[in-house]
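Given as structure tokens, the chain that follows is alone and in the form predicted alone.
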Amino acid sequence: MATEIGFIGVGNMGGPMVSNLMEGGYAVRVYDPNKAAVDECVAKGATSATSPKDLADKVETILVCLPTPQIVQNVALGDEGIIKGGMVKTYIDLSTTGPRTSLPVADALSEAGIIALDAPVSGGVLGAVSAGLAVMVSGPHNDFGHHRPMLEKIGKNVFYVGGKIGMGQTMKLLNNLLSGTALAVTAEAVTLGIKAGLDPQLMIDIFNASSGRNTATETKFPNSVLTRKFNGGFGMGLMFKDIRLCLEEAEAEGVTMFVGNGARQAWSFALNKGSAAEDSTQIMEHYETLAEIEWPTGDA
């Protein structure tokens, strides 16, 4: 195939995606301010660029996977941004920024003759490594169809959400609202159970055999909390950011979210007690401190 594409943001999520794209037959040119991350990709066969503009001068298609809306805006529209490139024709945003960012970015790129596709992903680092991500794409249908084979190299489930930029972002925010709410409320439930003398492993086993089963009880607690490794792979700051963006979208659309607001409050509490760099599964530790309990010995 040997089609060369560009990729910006090659960290915990982007790095594995670059590897899977290369394994799928694509030549990939990468950019990231983190030289070590770039060097790791180059060691696997990628080439590097010196800036988003430099990348956009050399390839027609660029994917970005970046942590915050502000960084996405700067990479896309800044003085050395993708918009300044002379060759780029298609911009595909795999980040979670919310429609309030993706819409104006897409509009500005469109004025420069660059087609934008919104394509946030879900599945975490494990999904990125295994090429098992869910990809939620919105934008021009024909362009989605053209690039779908490429997106299928990083995700086993590629969904076309709709023709309006931002619809993919909204879908991703809704997914992360559910995921974050499940993790927070499971931490609350397990905290209460421990306080009442219940065994945490037993609680998780019963939840998973009962109607309380959710993604936190199925994977996050068995793999990261019960083991006390807290290595779920999704940061506390990112979780709060995604839920905040979802609630902002709800407010803009005039939709009341009682439970969603409670989830935002829970993650605000965890973020303030900890740090953005903590793993999101560490919300359990902050509930333990709040309830003045100790993790039962022998259950780690």
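Heads up: residue numbers just count along the shown sequence, starting at 1. Nothing here was measured: the structure is a model prediction, and the numbers come from that model.
Quick note: we don't show the form predicted in complex with nicotinamide-adenine-dinucleotide (NAD), though the next part is all about it.
**Q** Choose from 234 to 242, 265 to 273, 248 to 256, 54 to 62 the stretch whose residues reach within 4.5 Å of nicotinamide-adenine-dinucleotide (NAD) in the model of the complex, heavy atoms counted.
**A** In the other structure, the partner sits against 234 to 242.
**Q** Answer with yes or no whether Pro33 is in contact with nicotinamide-adenine-dinucleotide (NAD) in the model of the complex, where contact means some heavy atom within 4.5 Å.
**A** Judged by the heavy-atom cut-off of 4.5 Å, Pro33 is in contact with nicotinamide-adenine-dinucleotide (NAD) in the model of the complex.
**Q** Using a 4.5 Å heavy atom cut-off, state whether Gly124 contacts nicotinamide-adenine-dinucleotide (NAD) in the model of the complex.
**A** Contact with nicotinamide-adenine-dinucleotide (NAD), yes.
**Q** Residue-level question: is Gly260 within 4.5 Å of nicotinamide-adenine-dinucleotide (NAD) in the model of the complex, judged on heavy atoms?
**A** No - in the model of the complex, heavy atoms of Gly260 and nicotinamide-adenine-dinucleotide (NAD) never come within 4.5 Å of each other.
**Q** Can you work out whether Ile71 and nicotinamide-adenine-dinucleotide (NAD) are in contact in the model of the complex, taking contact to mean some heavy atom pair no more than 4.5 Å apart?
**A** Within the cut-off, so yes.
**Q** State yes only if every one of Gly14, Leu66 and Thr96 has a non-hydrogen atom within 4.5 Å of nicotinamide-adenine-dinucleotide (NAD) in the model of the complex; otherwise state no.
**A** The answer is yes: all three residues contact the partner (heavy atom, 4.5 Å cut-off).
**Q** Quick one: from Ala216, Ile92, Val105, Val75, grab the residue that has a heavy atom within 4.5 Å of nicotinamide-adenine-dinucleotide (NAD) in the model of the complex.
**A** Filtering the options by heavy-atom distance leaves Val75.
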